[in-house]
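Starting off, we have a lone chain in the form predicted alone, written out as structure tokens.
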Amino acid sequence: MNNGTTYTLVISCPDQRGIVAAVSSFIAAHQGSIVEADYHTDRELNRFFMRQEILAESLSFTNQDEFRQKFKETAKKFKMEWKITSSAQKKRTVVLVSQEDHCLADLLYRWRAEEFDFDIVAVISNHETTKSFVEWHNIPFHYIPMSKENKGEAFGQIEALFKKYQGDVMVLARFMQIVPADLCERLYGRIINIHHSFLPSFVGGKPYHQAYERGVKLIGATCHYATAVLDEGPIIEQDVIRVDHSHSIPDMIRLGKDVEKMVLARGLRYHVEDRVIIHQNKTIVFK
């Protein structure tokens, strides 16, 4: 086991006294060293959220399965929804893209630079525009043409490829097709989308055109989980940039692309580092 490997324990449960003490005591009883800890209580929902990073080599456990087995009693007592993951296991990421390649290019750069721990295992597209660029990175590229007549079959192929590559997360990096509701449900919390507006404003297509017509002074981007309802999934990250009356639609698109790249990268990093907890249609993000 690498010296830097950590286990991340993520917990959601009804709020009550003694949760932090019980978890900390459990880790201490097994010689664990906590290197990062975050907590949040939603008073309206009376719900408690926790994320802890534990130095793996400090624990008396030999693996995650032993941790899971021994922690069950504590989890049951506090009615916890929880998971334990290892930083040694990079999240296997399948990227979907159409013709706009700025988000894909940014993710490929961050992947090559090992900026954070994720592994791009395949890229799927309904266009061949990015094929040579992706293959230059020695990443498998799959072209799946898509039309109104074959959408069901095409998304069936996409899901099959996601399973083939044992994907942990699917990233819609300006993939300009609506993912079927049933696929969103099967992969709930595992499909990340970048929408080129500050949701809930300007949902759907051509948000920069909508923003221009409204004369807005801020444009933005939203990274969120894809759900059956278009552009209404739990939001992970957002950002904005200021514009004014002198900016044309092409200006807004150019400026917006920079925001999109940053927001998607941050959102994906939070997800693969298990910093996001979904509850109802909201997220708790421990940054």
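In this text, all values refer to a predicted model and were calculated from it rather than measured experimentally. The numbering used is simple: start at 1 and walk along the sequence shown.
Missing here is the form predicted in complex with another copy of the chain; even so, the following discussion is about that form.
Note on the interface: of 127-135, 82-90, 170-178, 188-196, the segment with non-hydrogen atoms within 4.5 angstroms of another copy of the chain in the predicted bound form is 127-135. Residue contact check for Val121: none of its heavy atoms lie within 4.5 Å of another copy of the chain in the predicted bound form. Interface residue remark: Glu159 is not counted as part of the site for another copy of the chain in the predicted bound form, having no heavy atom within 4.5 Å. None of the heavy atoms of Lys70 is located within 4.5 Å of another copy of the chain in the predicted bound form. At a distance threshold of 4.5 angstroms between non-hydrogen atoms, Gly18 is in contact with another copy of the chain in the predicted bound form. The partner is not shown here, but in the predicted bound form the stretch 107-127 reaches within 4.5 angstroms of another copy of the chain through a heavy atom at Tyr109, Arg110, Arg112, Glu115.
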